[in-house]
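Form predicted on its own, single chain, as structure tokens, below.
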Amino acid sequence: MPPPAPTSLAPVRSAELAGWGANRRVRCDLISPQRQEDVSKALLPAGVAPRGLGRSYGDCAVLAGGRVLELVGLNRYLSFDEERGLLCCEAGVSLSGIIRDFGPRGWFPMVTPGTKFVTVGGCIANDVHGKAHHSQGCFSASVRAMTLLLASGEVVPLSPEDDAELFWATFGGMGLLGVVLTATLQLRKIETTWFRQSAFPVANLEEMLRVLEEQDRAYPYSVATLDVFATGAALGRGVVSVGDPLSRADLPAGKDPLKISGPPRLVVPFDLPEWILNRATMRVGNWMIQTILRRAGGPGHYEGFFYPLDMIGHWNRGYGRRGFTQYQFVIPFEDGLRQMTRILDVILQAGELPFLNVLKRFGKEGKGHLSFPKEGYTLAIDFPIRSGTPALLKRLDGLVLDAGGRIYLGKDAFVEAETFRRMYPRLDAWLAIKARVDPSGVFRSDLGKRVGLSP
């Protein structure tokens, strides 16, 4: 076992940390290695939690009273094959950095979630997905190889050919098998950073699911947004938004084909008072979102198409000091309309304040033991934390489980260990790999403790 890090390695400082939902803030000892060789020196037998840019919503990158490794300093490009689009980089490189540096050269991440402010290591740990899972799969589909620092201090190369079992278990493993130091990614060749967009307003959930299925056959990217104030016969009313990349030939004259966006122009400077979020203000916000989506069409830039919330810096502060949770689940297509109706009825009748939401269709299940997506409908919906929120989420967990579904650890902050176990049938296989590569439980987190993935 590596010895405790010497004080000359990097300053260890006390910091209050939270996930992006800011629903649980804890005091941790934070250390920020700047070189790969320093990471092993920062490991402690008492446990460490890897952390990137902190954009996972819950408690997967915090360790109350313990050490957190902030890995954003490992942000170097190591090589790039311009012919094949293969990028080898350190795991602290962000998708925003890749877009900034390789977008003007005609390359873009193969798979991206709803924010670009995430590290490559974080994308692997969560095996993130986006609007094109039905056609492109998870982030793991773009990773050709990686190096992983084990609890022993050994750095091992991983790929589908080199220790394939550990390679696939790392995707969705929430950083609890080791520290990803480097990754080799396949980038996507693009002609422009613009998309052709179309919007399809729908009257209810049945129509929404039908339109999503139809459009998924025609477009690589799709997402639906529900009107959270529509109930009864109008339950599921909303807008289905779809798109595909624009070629240079189809791009209107006067637009920069490979335009790259800058930093957010609007920043929420502090946690807003919680009274601002009430049924009246949410009704107005919901109406504005639905109106904007219905009017969307024509060429759209990648920033608004993929990352609409990234245009507002620290938008999570809008939920106030108590924070929020984004509840995301997937249920099978079979009996999906009835089960989704049942779940939505419970959500909208609970008296909580559900807000931003997206509904999508997932494609085939990936190879990661704990990867979240599988074939079915997935809904992600925000809840500002209120006194009744935990009880509602526990009830929803039961409904999702009854429907044969599961929740997404990258967003979760509340699921209980037994419920999680029943949702993920490959958990025991993953735990066996954990016992092989980290028998003392060096890599741990508050999430790991909560759901039984780490001591």
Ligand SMILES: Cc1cc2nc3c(=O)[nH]c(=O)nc-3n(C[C@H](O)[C@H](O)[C@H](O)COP(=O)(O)OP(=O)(O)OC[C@H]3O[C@@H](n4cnc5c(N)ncnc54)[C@H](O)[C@@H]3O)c2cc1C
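From 1 onward, residues are counted along the sequence shown. These figures come from a predicted structure and were not determined experimentally.
If you look for the form predicted together with the ligand, you will not find it shown, but the lines that follow are about it.
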Contact residue in the predicted bound form, chosen from Leu87, Leu71, Met208, Ala169 - any heavy atom within 4.5 Å of the ligand = Leu71
From the list Gly236, Gly366, Pro384, Pro113, which entry has a heavy atom within 4.5 Å of the ligand in the predicted bound form?
-> Pro113
Within 4.5 Å of the ligand in the predicted bound form: all of Gly137, Ser222 and Lys374, by heavy atom?
-> no
Sort through 426-434, 408-416, 30-38, 390-398 and report the only stretch with a non-hydrogen atom within 4.5 Å of the ligand in the predicted bound form.
-> 408-416
Wondering, does Thr193 line up within 4.5 Å of the ligand in the predicted bound form on heavy atoms?
-> no
Could you tell me if Leu43 has a non-hydrogen atom within 4.5 Å of the ligand in the predicted bound form?
-> no
May I ask you to state whether Cys123 is within 4.5 Å of the ligand in the predicted bound form, using heavy atom distances?
-> yes
Does the ligand come within 4.5 Å of any heavy atom of Leu337 in the predicted bound form?
-> no
Counting only heavy atoms, which residues in 300-315 are within 4.5 Å of the ligand in the predicted bound form?
-> Leu309, Trp315
